[in-house]
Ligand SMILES: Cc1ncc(COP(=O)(O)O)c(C=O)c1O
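Shown next as structure tokens: one chain only, the form predicted on its own.
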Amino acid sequence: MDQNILLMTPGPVTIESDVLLAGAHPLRHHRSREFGQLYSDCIERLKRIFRTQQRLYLTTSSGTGVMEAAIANHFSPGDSILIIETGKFGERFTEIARAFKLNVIPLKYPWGHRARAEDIARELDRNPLIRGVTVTFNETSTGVYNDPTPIGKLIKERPDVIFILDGVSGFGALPFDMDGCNVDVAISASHKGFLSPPGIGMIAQSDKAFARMEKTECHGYYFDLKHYVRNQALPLPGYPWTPAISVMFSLHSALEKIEAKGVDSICSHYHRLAEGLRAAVEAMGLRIFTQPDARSDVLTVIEAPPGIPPSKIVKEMYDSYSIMIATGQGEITGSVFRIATIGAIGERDMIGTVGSLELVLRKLGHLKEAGHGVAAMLDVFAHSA
């Protein structure tokens, strides 16, 4: 297997070697003082990155696990929930909520368009029995960024409604302030903006969500947050089950590095990479799928040239240049490809990716000559250094 694959996918992302090596730390028992300190320090660092003074728990799961935990702990069968669908992961929340027998009210946007607070307000007024709203902060299937600030402001005024934000691919990569945005349940995972291997899910709760959880019988066991609350409150803070100990060591290493660099600085870096990529895409005569007012700095979703299957572009990038980009998802699977601008990457990686993409597109007949995309990207980087 080629050990030099460059991951330009929206998760897992490229991570630094020392973070990977931290996972080789000798195992520690999960009831030991050393692990308790490690776990507690990860919690505190994540709370600072989430910008919350409230509760935060870790689970052994991917992002889908904490999506399920958010539903299982805060709603009872028959409760009404408004789910904002701006892509595949909004639809996944709908599937999870239906699995837990909730009354789902979907608010579906055309793919590539962002959610609007006024539409959500209208649905809440129309359906006074709604008890929660879910929003995808960054939708990796469509490249859409949904601003949580106006949504949190309107939900704050409704005491019976909680605001759940799926930040699996956005937290750590896009500016976020949980308490400032009035988010009640914020979820994420280790393998995207937190620059670690997959295996750890994160879920934070406001007082409003915690009060709801205490009155709700969780329809599950492993993700019942009441277990996490009790174990985290022990004199030696613990984890209710056997955790992903090695991943926790890697996560801790990554969080130290993120805090040392500063989240704002990292977000600015990703914005610069995304601006460079967007300029390159347009210079190559390609179209960005996502609407201009909804574009995320996490990734860019690009329409494949007419007559060229995106899967062929992805395969050529991998086979010829060991660069892994992503195909589309859901209803746009056969029409787009996706390139991420987050992870332990920089200008060199972006220039190499765009240059390789130009060579692939030239080989496949879209470009007569290569270089315009790289030149446009270099111009952005030169003027934003």
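A residue's number is simply how far along the shown sequence it sits, counting from 1. These figures come from a predicted structure and were not determined experimentally.
Only in words, not in the display: the form predicted in complex with the named molecule, which the text now covers.
S.K.: Consider the chain as shown here, without its partner, and state which of Phe89, Phe223, Phe171, Phe75 has a heavy atom within 4.5 Å of the named molecule in the predicted complex.
M.R.: Among Phe89, Phe223, Phe171, Phe75, a heavy atom within 4.5 Å of the named molecule in the predicted complex occurs only for Phe89.
S.K.: Of the options Thr290, Thr140, Thr134, Gln205, which one has a non-hydrogen atom that comes within 4.5 Å of the named molecule in the predicted complex?
M.R.: The residue in contact is Thr140.
S.K.: Test of understanding: in the predicted complex, would Thr64 fall inside 4.5 Å of the named molecule by heavy atoms?
M.R.: Although the named molecule is absent here, Thr64 would touch it in the predicted complex, with heavy atoms inside 4.5 Å.
S.K.: Might Asp184 be said to contact the named molecule in the predicted complex, defining contact as any heavy atom within 4.5 Å?
M.R.: Flag for Asp184 set to no.
S.K.: Can Asp166 be called a contact residue for the named molecule in the predicted complex at 4.5 Å between heavy atoms?
M.R.: Contact with the named molecule, yes.
S.K.: Can you pick the stretch from 184-192, 226-234, 265-273, 121-129 whose heavy atoms fall within 4.5 Å of the named molecule in the predicted complex?
M.R.: Result for this chain: 184-192.
S.K.: What residues of 222-258, in sequence order, lie within 4.5 Å of the named molecule in the predicted complex by heavy atom?
M.R.: Not one residue comes within 4.5 Å of the partner.
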